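Have a look below at one chain only, the form predicted on its own, in structure tokens format.
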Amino acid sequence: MQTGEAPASMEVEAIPNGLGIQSGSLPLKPKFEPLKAHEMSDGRVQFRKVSVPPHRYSPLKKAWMEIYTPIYEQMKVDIRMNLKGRKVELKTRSDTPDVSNLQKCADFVHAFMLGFDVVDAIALLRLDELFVESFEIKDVKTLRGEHLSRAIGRLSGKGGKTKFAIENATKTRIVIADTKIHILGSFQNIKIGRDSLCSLILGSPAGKVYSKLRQVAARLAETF
């Protein structure tokens, strides 16, 4: 009985593996190429539309090629101006490398419509950690008449000095459009810039805000 069992066990070990896999090892993982943008949505084209406010129509015409070139050539997204609907329309192409490119382009165009320069807004295409935050003066404090005008004046400073100081200290970009304020930057920097602007709206003198900004800027420099 013993002589009959030994060869049987040897036969089991010697069975050739048709897949060319060594005994005891796992099969190789399949390698799939990454899906393209149009394949992720089952071949459907994805759209985004950005409204053009009346006061940004002329600047858009002047800066059209600066906006069009990076979106079409680098991000591989189609862009056109719908003159009838006064909207900028964006859509994915078959060679769009990443599905997130469409939303990045929409954010870039939207930032330009809010009043940011093309050179500042284009950072939204390059970096992932940038955001645009908007709020109004009345969200911080209800002001009317001359009090509101003085608050806007405090935010800008003489010749925009205060605004530029906050931008440089917090590494953000700020647009003050009447009573609306838009801030472009990273999450942490937006928070610091917003706190400074809120202090000015509530009536803090510019000198006090500058000294706080210097402390915060020094702390930021130590962190990074």
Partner chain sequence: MAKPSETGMEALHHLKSTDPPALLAPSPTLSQTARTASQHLFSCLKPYAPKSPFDQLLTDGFDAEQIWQQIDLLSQPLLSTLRRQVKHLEKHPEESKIVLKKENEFLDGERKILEEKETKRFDDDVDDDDMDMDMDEFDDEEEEEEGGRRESEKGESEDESGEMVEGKGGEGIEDKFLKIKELEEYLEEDEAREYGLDRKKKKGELKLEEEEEEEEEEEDEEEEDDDDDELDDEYEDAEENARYEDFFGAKKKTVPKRKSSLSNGSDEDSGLNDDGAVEKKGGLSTHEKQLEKLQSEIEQMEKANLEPKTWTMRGEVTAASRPKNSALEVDLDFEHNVRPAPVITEEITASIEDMIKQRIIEGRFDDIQKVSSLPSTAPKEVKQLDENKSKKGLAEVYEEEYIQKTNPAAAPISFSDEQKKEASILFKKLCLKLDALSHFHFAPKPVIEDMSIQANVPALAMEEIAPTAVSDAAMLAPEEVFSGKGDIKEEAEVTQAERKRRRAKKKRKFKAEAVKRMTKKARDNTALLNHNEGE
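What you are looking at is a predicted structure, and each value in this text was computed from that prediction instead of being measured. Residue numbers count along the first chain shown, from 1.
Keep in mind the form predicted together with the partner chain is missing from the figure; the text below concerns it.
**Q** Select from the listed residues His55, Lys49, Arg44, Lys161 the one whose heavy atoms reach within 4.5 Å of the partner chain in the model of the complex.
**A** Looking at the other structure, the residue within range turns out to be Lys161.
**Q** Non-hydrogen atoms within 4.5 angstroms of the partner chain in the model of the complex: do Lys61, Arg126 and Arg173 all have one?
**A** Checking in the model of the complex: Lys61, Arg126 and Arg173 are all within 4.5 Å of the partner chain.
**Q** Just to confirm, Asp120 within 4.5 Å of the partner chain in the model of the complex by heavy atoms?
**A** Residue-level check for Asp120: yes, a contact with the partner chain.
**Q** Please run the contact check for Val109 against the partner chain in the model of the complex: heavy atoms, 4.5 angstroms, yes or no?
**A** No - in the model of the complex, heavy atoms of Val109 and the partner chain never come within 4.5 Å of each other.
**Q** Would Met65 show up as a contact with the partner chain in the model of the complex if we use heavy atoms at 4.5 Å?
**A** Taking the distances in the model of the complex, the answer for Met65 is yes, it comes within 4.5 Å of the partner chain.
**Q** Taking the shortest heavy atom distance, is Leu200 within 4.5 Å of the partner chain in the model of the complex?
**A** Taking the distances in the model of the complex, the answer for Leu200 is no, it never comes within 4.5 Å of the partner chain.
**Q** Let me know which residues along 195-216 have a heavy atom within 4.5 Å of the partner chain in the model of the complex, or say none if there are none.
**A** Going through 195-216 in order - heavy atoms within 4.5 Å of the partner chain in the model of the complex - the hits are Tyr210, Leu213, Arg214.
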